[in-house]
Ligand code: PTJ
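Below sits a lone chain in structure tokens, taken as the form predicted on its own.
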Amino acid sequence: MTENKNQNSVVPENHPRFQSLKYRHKIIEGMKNLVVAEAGLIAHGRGECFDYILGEKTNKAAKKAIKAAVAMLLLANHPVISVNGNTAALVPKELVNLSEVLNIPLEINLFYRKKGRVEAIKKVLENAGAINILGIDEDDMVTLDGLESNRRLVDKLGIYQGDCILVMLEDGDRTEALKKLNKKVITVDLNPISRTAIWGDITIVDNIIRALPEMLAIIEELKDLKKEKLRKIVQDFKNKKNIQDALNLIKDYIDTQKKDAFKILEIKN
């Protein structure tokens, strides 16, 4: 069982919403510890909705995108993993493992830069074993052209000079800005038609709690491949088709659920 200490309730592991509730509580705790912004709760709820109509599993389209994303990261000269509050609250160990296995830095990048948030996220990442964390020292920060929000502040040794950026649970304006600076952008977004998803070079339509472990597994499969084979994996991947496949899967899932619901209603009546 998992316990929600704030609400003095226990969620049994056989509860049909066990996984969803477990991570929902992590987001709530993250907010109380300054890691997650208040708006992050709303964003998480929106993601839960999309995850539900995706069947709450990593589908074939997502797996293809994950494979292409890993290949792109392995080919990059200066890849960077962008970290916000929600990702730090949900998957800190996975972020650190990904950073270590690929030997690329984590960079804290926030829309809501409330006092103490950067330090709180840094602490969470360090507790998970992170060593190479950027986006902390204001003296190392520069601004991205074309952005007015706090997202414009990036580390000059990280995202600013990076050629491939992995962004998760991202806002679309920065993804668009990164693309206009000729950077490759890999996104993890449960909404396949968000601006982030549309602007990304590779869009992984999946929940980060599943996508990151899947990425770690694929790294083991691809890490010893020659660059020519990695390039072919990336070249063969078509993001527009990938997004369309994800939308088709949503439609098929809803159609199936609708039929099942009507059967239950018929039985009840």
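Please read these numbers as outputs of a predicted model, since none were measured by experiment. Residue numbers here begin at 1 and follow the sequence given.
Absent from the display: the form predicted together with the named molecule. The rest refers to it.
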| query | finding |
| --- | --- |
| Heavy atom contact within 4.5 Å of the named molecule in the predicted bound form, the stretch among 99-107, 135-143, 187-195, 157-165 | 187-195 |
| Touches the named molecule in the predicted bound form: Phe50 (any heavy atom, 4.5 Å) | yes |
| Non-hydrogen atom contact Gly40 with the named molecule in the predicted bound form at 4.5 angstroms | yes |
| Contact label in the predicted bound form: Arg46 to the named molecule, heavy atom within 4.5 Å | yes |
| Contact label in the predicted bound form: Glu176 to the named molecule, heavy atom within 4.5 Å | no |
| Residue among Leu90, Ile81, Leu125, Leu73 with a heavy atom within 4.5 Å of the named molecule in the predicted bound form | Leu90 |
| Sequence-ordered list of residues in 97-124 near the named molecule in the predicted bound form, where near means a heavy atom within 4.5 Å | Asn109, Leu110, Phe111, Tyr112, Arg117 |
